[in-house]
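Starting off, we have a lone chain in the form predicted on its own, written out as structure tokens.
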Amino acid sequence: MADIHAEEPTRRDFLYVASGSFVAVGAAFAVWPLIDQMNPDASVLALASIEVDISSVPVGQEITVKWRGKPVFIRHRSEEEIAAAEAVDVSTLRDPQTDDARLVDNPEGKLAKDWLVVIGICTHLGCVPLAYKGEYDGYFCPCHGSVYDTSGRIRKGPAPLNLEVPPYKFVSDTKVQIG
């Protein structure tokens, strides 16, 4: 029969465990400021999302706001602009996307067809297009000739993609939150 002897913990064992724990806690306190400084500062967090009051934008007009340093076009589309955007054969587009796919629901749960929200940067070389210009009465980039329709979809020119739609939602009938 084997003789099994379990040694009792000594004071030295306690000192090893206590010293190791003390070093681990000290290392965590020393490393935490290095990890914490990688978090975004308050100015970046403030730009993460914005709320825009759109109650003063009449039908057929547009406002430009700045979000994350980029221009964002918020357009109150007329019935004619909505009809023109919906009448386009999606299969003829370079970057096929329906008009409804570029819109979000309003607070009542209906698709907010009257409002178009796009980032106002040309997808070719980053220029800022002009509103209500070009043959589709949408956006025209004068730098290289890209033409977008009333839904911000590329129709002509060198731009490869549609104008980008930022993440946005309607928080009320008169306010839209971007970001």
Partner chain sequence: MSGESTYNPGNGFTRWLDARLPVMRLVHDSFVDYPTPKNLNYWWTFGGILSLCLGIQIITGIILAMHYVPSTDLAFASVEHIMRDVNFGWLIRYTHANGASMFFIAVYIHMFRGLYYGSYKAPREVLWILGVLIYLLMMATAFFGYVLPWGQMSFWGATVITNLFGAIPVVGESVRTWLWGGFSVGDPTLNRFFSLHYLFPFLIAGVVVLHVWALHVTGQNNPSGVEVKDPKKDTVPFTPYATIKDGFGMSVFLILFAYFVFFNPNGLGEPDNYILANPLKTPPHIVPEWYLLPFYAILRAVPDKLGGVLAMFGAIAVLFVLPWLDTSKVRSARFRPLYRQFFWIHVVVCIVLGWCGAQSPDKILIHVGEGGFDVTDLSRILAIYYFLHFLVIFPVLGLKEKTKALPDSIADSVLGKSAAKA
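What you see is a predicted model, and the numbers here were worked out from it, not measured in a lab. Under this definition, the rigid core comprises the largest set of C-alpha atoms superposing within 1.5 Å between the forms. Residue numbers count along the first chain shown, from 1.
Although it is not shown, the form predicted together with the partner chain is what the next lines describe.
S.K.: Find the only residue in P40, G26, P33, P58 having a heavy atom within 4.5 Å of the partner chain in the model of the complex.
M.R.: That would be P40.
S.K.: Counting any heavy atom within 4.5 Å as contact, can you tell me which stretch out of 50-58, 146-154, 116-124, 131-139 lines the partner chain in the model of the complex?
M.R.: Of the stretches listed, the one contacting the partner is 116-124.
S.K.: Decide whether P166 counts as a contact residue for the partner chain in the model of the complex under a heavy atom distance cut-off of 4.5 Å.
M.R.: No - in the model of the complex, heavy atoms of P166 and the partner chain never come within 4.5 Å of each other.
S.K.: May I ask you to check whether P160 falls inside a 4.5 Å heavy atom distance of the partner chain in the model of the complex?
M.R.: Residue-level check for P160: yes, a contact with the partner chain.
S.K.: In the model of the complex, is there a heavy atom of the partner chain that lies within 4.5 Å of any heavy atom of P71, even though the partner is absent here?
M.R.: Output for P71 is yes: heavy atoms within 4.5 Å of the partner chain.
S.K.: Core aligned, does the CA of S55 move at least 2 Å between this form and the one not shown?
M.R.: No, the C-alpha moves less than 2 Å.
S.K.: Superpose on the rigid core, then tell me if the C-alpha of D36 is displaced by 2 angstroms or more between this form and the one not shown.
M.R.: Moves: yes, 2 Å or greater.
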